[in-house]
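Quick setup: one chain, the form predicted on its own, written in structure tokens, and binding and motion questions come after.
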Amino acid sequence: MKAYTGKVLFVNLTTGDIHAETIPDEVYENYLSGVGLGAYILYQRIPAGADPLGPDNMLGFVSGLLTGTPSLVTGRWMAVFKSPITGGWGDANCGGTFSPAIKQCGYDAIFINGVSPTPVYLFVDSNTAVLKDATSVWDMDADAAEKILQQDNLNKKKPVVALIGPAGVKRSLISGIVNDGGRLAARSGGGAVMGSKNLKAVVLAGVKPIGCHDPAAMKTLSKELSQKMRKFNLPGFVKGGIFPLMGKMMGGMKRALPMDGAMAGILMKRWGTISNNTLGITSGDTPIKNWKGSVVDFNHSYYKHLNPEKILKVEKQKYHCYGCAIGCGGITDIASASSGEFTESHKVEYETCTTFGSLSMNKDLDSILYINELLNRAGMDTIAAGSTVAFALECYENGVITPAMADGLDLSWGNAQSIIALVKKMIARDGIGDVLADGVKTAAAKLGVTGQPYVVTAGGVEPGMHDSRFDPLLAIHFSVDPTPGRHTIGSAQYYDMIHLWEKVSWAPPSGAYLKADEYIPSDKLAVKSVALSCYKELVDGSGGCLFAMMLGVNHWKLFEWLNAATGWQKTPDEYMEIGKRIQTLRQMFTIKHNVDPMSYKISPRMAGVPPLTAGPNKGKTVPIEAMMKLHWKHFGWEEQTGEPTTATKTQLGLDTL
């Protein structure tokens, strides 16, 4: 049996047509599934110049090639579409249980175009696919609507639902797609695309088996990882209070060394992403005060309130996505934090703690836990929403937003109650919230401050909460990926943990080196960034998780799993060429839609222009434009423009698409 179904479902909401198409085996060999299959379909079927919020845009729900096989940590799915934020390629990655549900219906992906005249949802099981009326749940929050749709379609199996909340219904450009009661495919504006189609949800209830070529070999690999993960533990006496000291040590290091990715697994298993809450603040990894501050501003009197142990105290149980051996998530009791409005929530992530914590100078943890649930139910990206709030606070500080414009809110730094009120206004598109509901780029244009230092984006997208001045390789990926501002593609720390050079012939070895070398554009640094881009596309084509990727190729054996799942017996170098093909096609999509890749360059403040005068990143500047050009050169793209060369497209078989 194959690890993929070989079928894709297409739905036209305008005409009501629903039909399946068979996808040739060679497409999977060239693009895998997941983001690769998505790029293959969307590049050919979305016309240049299509309105991202119009009928010609296509929204895809794609599973990973390894999802549902005996592999581990490969249960993620992606939404793919033309982004209404950038006008180029858009995608968003999510965990939970939705990815295997796609394949259990007999498809590797579901693609939806057109616009329904009335609110609908798509129901699919092993035998049928039908559009149903969604009027009664259209305006509900994501959590309430998910429960009703599951109950209404309950049969032998509890359905799995991906849907939009009020933010997507109101077409907020920073809205995402929700599943599993609060897991979000949050980035690129997919919720707005879904809302523009009058599509509330996709409900899946299939029970078809998912096969693979060599299940015994896959189980052997999985058993090996599972046994390791059981051993990845810290002594019970090690608590989150140690992180500020660890961060200070990291921030002061002059040399970098290869690391065992097992450490990432240990931290994720114990705390999840919140392990970086205070570690990142003292190391320089965490941006502070809309990227203009440092740990001098958000000092111990502030960050002590974000100690991850405080969050673990309200964690009721661990949460694992499908097929996960790590279990970084959790379900938390937030009844006290929400004054009884909500009883529980998915554990807040590091990114949310930062955007509504240090980025906004807010030390009130209860307000962050409450905002997290508000945004999960609304289906709004917490990275983008929190970044927009921090932008608004600096606008208020500079008199751009006056008290009258702020609807009477005191938008001073760290005012937790005003931040909560502002978030609610953004969700409802009420007053000043309507100005801010589409993110920093749109808000800056409405306020007439485009180009000001406090407009902090990468290509108009609010960046992930890892400081590009701390890790210049991260700055490259913020600026060159077809989904700019994405912190999940690559960084120097990722490279040193993954150990690609041990399996990929052209990946540069990473021995001890001076951290200062990362700030100097070089061919070696560029090839590292290329290798990370190619590998991440393999991960996203397989349904893999960033945190599994960080374990490294000798713990999380992606190449071996792919061969066991398919029987292809490709070398790591051959798989990396698939990654290069996927990344190049995503870039071709963006260029087809007339977006200049150089416009994705990070804002000056993110590059240290001007440099900070205090903290771990004091005096650091990243020569980002030179680094972008070297990355493009080594990818086989035009060095000055970022457009894939004719030779590269021919080599990768993309010249005939």
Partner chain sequence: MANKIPVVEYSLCAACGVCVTACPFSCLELSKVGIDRYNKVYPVLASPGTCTGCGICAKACPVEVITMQVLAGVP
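Numbering follows the first chain given and starts at 1. This one's a predicted model, so the numbers in the text were calculated from it and none came from an experiment.
There is another form of the same protein, the form predicted together with the partner chain; it is not shown, and what comes next is about it.
Segment that reaches the partner chain in the model of the complex - one of 182-190, 463-471, 362-370, 309-317, heavy atoms within 4.5 Å: Stretch 309-317 is the one.
One residue of S522, Q452, N233, S136 in contact with the partner chain, assessed in the model of the complex (non-hydrogen atom, 4.5 angstroms): Flagged contact: N233.
Listed residue (C324, A92, V203, L546) with a non-hydrogen atom within 4.5 angstroms of the partner chain in the model of the complex: Partner contact (heavy atom, 4.5 Å) among the options: C324.
Partner contact for S412 in the model of the complex: the partner chain, 4.5 angstroms, heavy atom: Output for S412 is no: heavy atoms all beyond 4.5 Å of the partner chain.
Distance check, P100 to the partner chain in the model of the complex, heavy atom within 4.5 Å: The answer is yes: P100 has a heavy atom within 4.5 Å of the partner chain.
Partner proximity in the model of the complex: Q104 to the partner chain, non-hydrogen atom cutoff 4.5 Å: Taking the distances in the model of the complex, the answer for Q104 is yes, it comes within 4.5 Å of the partner chain.
Partner proximity in the model of the complex: S226 to the partner chain, non-hydrogen atom cutoff 4.5 Å: Flag for S226 set to yes.
Sequence-ordered list of residues in 371-395 near the partner chain in the model of the complex, where near means a heavy atom within 4.5 Å: Heavy-atom contacts within 4.5 Å come from no residue here.
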